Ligand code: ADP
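Just the one chain here, the form predicted alone, laid out as structure tokens.
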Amino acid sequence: MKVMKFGGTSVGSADRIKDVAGLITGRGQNIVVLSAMSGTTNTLVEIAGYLYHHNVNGAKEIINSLEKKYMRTIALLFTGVDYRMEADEEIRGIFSHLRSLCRDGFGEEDEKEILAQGEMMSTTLMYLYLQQQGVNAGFLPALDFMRTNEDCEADSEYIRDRLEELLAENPGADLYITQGYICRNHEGKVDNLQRGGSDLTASLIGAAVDASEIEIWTDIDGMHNNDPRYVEGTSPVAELHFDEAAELAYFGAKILHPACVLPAKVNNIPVRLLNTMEPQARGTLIHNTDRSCSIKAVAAKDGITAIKIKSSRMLLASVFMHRVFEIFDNYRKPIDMISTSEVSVTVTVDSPLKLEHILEDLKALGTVKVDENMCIICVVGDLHWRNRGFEAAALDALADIPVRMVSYGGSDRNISFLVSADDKVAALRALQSRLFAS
């Protein structure tokens, strides 16, 4: 059994839904995970924004507009009167539920309920369309098995047990349809796995059913060796180690959600990245095997702030470091890059959240200098220190780019450079020319 996940662009229209239906039928009794139709989640976030500002009429106008879009999709998707009427009834029921949430006292729980409706609609349309096509599809409601624990982490044992029960209830299905992204928390309330969470859903399901492979279908033919939005001549990477894929995903490669790598890695389930628009393309295979001693790809992470703290006291180095990192820990603030000396430390963070308070606390330890509008350029591959020349090639490529920090040796998989956001594109292009030119 495989798990096949399709992103929002892949199911973004009636034609796309038909294409995906063709891709998933006749391939065995697999589990298909669907995101919301492209643009839907953003619209649902907009609706919640109006409600937080007590603008019920504004929210309802957006709901009406979104409903019209789905009614047009239904008209294009269903040729049979019975299935069209059933789809119409189901989708209108969801929009009626959305309107019922437009009320005073709107809060976080209501917002999560709203955000869950996108996946509810995409899976309803796909399930009914497959039935119209004569496919014996089974339906696995994600809210019946996908759950997080008190630490907001996946409750893997519960997921496995519930999936076994649900699959046993419908053993004769040709394939199974379920929602990505949405779940329940430990209190049984509707929640979600954050943006990009459909990838994590697929990985968790794959681990739960011991899948032979997890397929992630998007609108690009695999993970490219650089960002094709800024660099010409990029190409998909044929194979990656899980650790390499995790580094690229964390440092900006948007095709894969970083959190989805671990469940697949620890359960040794290969992940294949494929293109819905070009289903014959080879894509990228991610697994636990190293195939080549080489640099694989480059990624960039935007919105970085660098913070340098220089001790103004005669503190022991260990005491100074402890107090610095204790402050970040107190605010639960993750750090991307670190550079240290005996009396100073520079770190980078990727979010301004709570930054003002952190800086105030750090000033008690010494002089604080902040560099904003920075970017981390991450070069990924087999970068074990015994592999000669790889780090030198990356440094040589950036000879004309001012580099604020370098991180090397913390991982055998990457070397990271902190540069100004203004130099991001030049840095990506220089690395492409030096590392991947044929």
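In case it trips you up, residue 1 is the first one in the sequence shown, and so on. Because the structure is predicted, anything quoted here is derived from the model rather than measured.
Unshown form predicted in complex with the ligand; subsequent notes refer to it.
- With the partner left out here, the ligand still marks one of 78-86, 211-219, 357-365, 305-313 in the predicted bound form; by a 4.5 Å heavy atom cut-off that stretch is 211-219.
- Each of 9, 223 and 228 is positioned with at least one heavy atom within 4.5 Å of the ligand in the predicted bound form.
- Note on contacts: among 183, 255, 140, 159, the single residue with a heavy atom within 4.5 Å of the ligand in the predicted bound form is 255.
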